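Shown next as structure tokens: one chain only, the form predicted on its own.
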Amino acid sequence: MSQMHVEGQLADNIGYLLISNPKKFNALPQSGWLSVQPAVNKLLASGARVVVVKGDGGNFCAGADISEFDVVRRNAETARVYEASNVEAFAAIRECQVPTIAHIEGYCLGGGFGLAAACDLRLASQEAQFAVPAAKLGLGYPVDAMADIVEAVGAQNAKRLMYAAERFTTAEMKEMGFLLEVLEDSAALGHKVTELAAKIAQLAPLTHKATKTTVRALRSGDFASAKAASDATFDSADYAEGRAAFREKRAPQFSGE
């Protein structure tokens, strides 16, 4: 069995979702995929205003732990159950009620690429490598996860990623629009991600929720939820605080209420 864990850590309203299986470049067994949703829920319950998804030991996530596929993905029935655990993990990131940031270094492959694609923002260190090698295994990719990739890079680049099953550089992924920023090395990446996460955590949580809900509605068509999230800001304590801070020329202190 893989010695791995997925856990949440909180620091100054910044939640860190840590994927740890360094001996396998943070590849996740089925139990790992099933650990993502509870870890995200725990971070939110603890007060996280932004969630950073990162891997342990210099890699983001090398995808699924293929060594267990002969057992957990041995036929159509077990493959459907396994895929459901993937879909649940991607949804936990995609539908997280606070902004999410992918902190990418080293390998970002397969299901790891799917986790990154589900994040709102993606930053990487220069040496990171990207690929979705499903065509080398003969497997299809979950529909919702494919939608994340298409949203991130466009339909033609999504097909290129899937059809060629090649590894791509940070420069290529930046050109495709997948990466917000590429940093020189791991230290610079860590500094930039922390700086960005801290800035997000200090700003209005209800506005962030409205932004996420509205952008998601462009894909889902759920404009009623988007309007409700936006309307909720109008009578909020945070909107009153924002106006007061502007008048008093001070930094606002938002509560998320």
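A quick note: this is a predicted structure, and the numbers were derived from the prediction, not measured. Throughout, we count residues from 1 along the sequence that is shown.
From this point on, the text means the form predicted in complex with a small molecule, which you will not see here.
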Pick from K174, R160, R167, R74: which has a non-hydrogen atom within 4.5 Å of the small molecule in the predicted bound form? R167
Answer key, the small molecule contact in the predicted bound form at 4.5 Å (heavy atoms) among A62, V36, V53, L43: the residue is A62
Among 132-140, 179-187, 118-126, 95-103, which stretch sits within 4.5 Å of the small molecule in the predicted bound form, heavy atoms only? 132-140
Three-residue site A27, F69 and L109 fully in contact with the small molecule in the predicted bound form at 4.5 Å by heavy atom: yes
So, in the predicted bound form, is K249 in contact with the small molecule at a 4.5 angstroms heavy atom limit? no
Can you work out whether R243 and the small molecule are in contact in the predicted bound form, taking contact to mean some heavy atom pair no more than 4.5 Å apart? no
